[in-house]
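Single chain ahead, by itself, as structure tokens, in the form predicted alone.
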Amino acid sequence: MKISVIKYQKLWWAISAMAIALSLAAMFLSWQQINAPLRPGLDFIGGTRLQLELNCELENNCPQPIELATVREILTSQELADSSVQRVDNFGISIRSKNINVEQRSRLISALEESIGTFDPQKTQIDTVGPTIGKELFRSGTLALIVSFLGIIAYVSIRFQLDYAIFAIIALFHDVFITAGVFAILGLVIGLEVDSLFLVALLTIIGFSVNDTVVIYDRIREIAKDQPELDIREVVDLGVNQTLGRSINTTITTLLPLVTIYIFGGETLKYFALALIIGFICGSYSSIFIASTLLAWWRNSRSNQLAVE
């Protein structure tokens, strides 16, 4: 299979521009609603999360799905009106509130059981994170992302040239923005929160994407060196086509276990796998269609400018 990425470069750029614009719009809407571009989880802002599930093995304990209005009334009566609540699989609820102590938790669970039914103690989960730890986690994760970007700029600049590094970084921002945008949309639609695993996913996406870009850049550099008579656009087309099979095969074999984790990995790993799936697809796309075409456009523009001068 041979493709001309240069011939349709404006189409690839338009697709990416549209995806990034939608991502930014989703993050803007999220900021308007919750004062954050993505819905932050307990890891980042601290608080207490209770996950409770009715014991449906007890007779008449699960006559109908849990009514969220009833749960909110009870939270209000317990002076926890600002808590968020989600229903989990009809007979479970997830409540996120400010930090509450053991006595307050016991009182809340008792009040819920009186109105809703008996919860299964084996399926009860309680997580508490202090606000200081949450802020520290967020600060450390953000710092890790910034250091990663700086390290990649230095590595690609030394191995290739500065313009190669700049377009590799643009491709990485492309991947991170679109992944974050999808999670911003999910935060608005289903209340999905991002946690420390999301930052780990972003760091992994950055590593995967830059690896794919470096492979294509390597091939472009070798072709340019062996066949200096070729135009840079022909060089990029050749380089992309000679690495296309490897990029597609690597991405597919990487996605297979991630899809399996998404389907069977449970709630904890499900959205971590989803972030990686989105990011790896974006990473392959940006390496082939964005980083390489921008490099060809830039080098060709410079050549034309020098010829005119």
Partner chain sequence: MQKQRLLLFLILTLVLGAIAIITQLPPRLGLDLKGGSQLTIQALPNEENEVIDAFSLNSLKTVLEKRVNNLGAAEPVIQTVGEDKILVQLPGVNDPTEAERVLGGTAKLEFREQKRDTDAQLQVELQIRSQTELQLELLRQSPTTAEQQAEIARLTESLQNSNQALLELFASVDLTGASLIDARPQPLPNGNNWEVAIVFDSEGGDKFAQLTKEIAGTGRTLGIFLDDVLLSAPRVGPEYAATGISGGRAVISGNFNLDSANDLAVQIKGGALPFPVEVVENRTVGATLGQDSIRRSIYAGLAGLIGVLIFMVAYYRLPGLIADVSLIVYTLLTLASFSLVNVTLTLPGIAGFILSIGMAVDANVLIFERTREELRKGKTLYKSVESGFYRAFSSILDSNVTTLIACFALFWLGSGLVKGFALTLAIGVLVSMFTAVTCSRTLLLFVVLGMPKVRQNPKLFCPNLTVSPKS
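Rigid core (definition): largest C-alpha set, two forms, superposition within 1.5 Å. Please read all numbers here as calculations on a predicted model, not as lab measurements. Numbering follows the first chain given and starts at 1.
One more form of this protein, predicted in complex with the partner chain, exists but is not displayed; see below.
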State yes or no: in the model of the complex, is some non-hydrogen atom of G207 no more than 4.5 angstroms from a non-hydrogen atom of the partner chain?
-> yes
Is the gap between N249 and the partner chain in the model of the complex 4.5 Å or less for some heavy atom pair?
-> yes
Taking the shortest heavy atom distance, is I190 within 4.5 Å of the partner chain in the model of the complex?
-> no
Closest heavy atom of N55 to the partner chain in the model of the complex, within 4.5 Å or not?
-> no
Which of these residues, I278, I45, C62, I261, gets a heavy atom within 4.5 Å of the partner chain in the model of the complex?
-> I261
Which listed residue (S157, T124, S115, Q86) meets the criterion of a heavy atom within 4.5 Å of the partner chain in the model of the complex?
-> T124
Using heavy atoms only and a 4.5 Å cut-off, decide whether all three of S106, L197 and V215 touch the partner chain in the model of the complex.
-> yes
Sort through 177-185, 90-98, 69-77, 147-155 and report the only stretch with a non-hydrogen atom within 4.5 Å of the partner chain in the model of the complex.
-> 147-155
If you line up the core, does K123 shift 2 angstroms or more at its C-alpha between the shown form and the other one?
-> yes
Superpose on the rigid core, then tell me if the C-alpha of G92 is displaced by 2 angstroms or more between the shown form and the other one.
-> yes
After superposition on the rigid core, does the Cα atom of E113 shift by at least 2 Å between the shown form and the other one?
-> yes
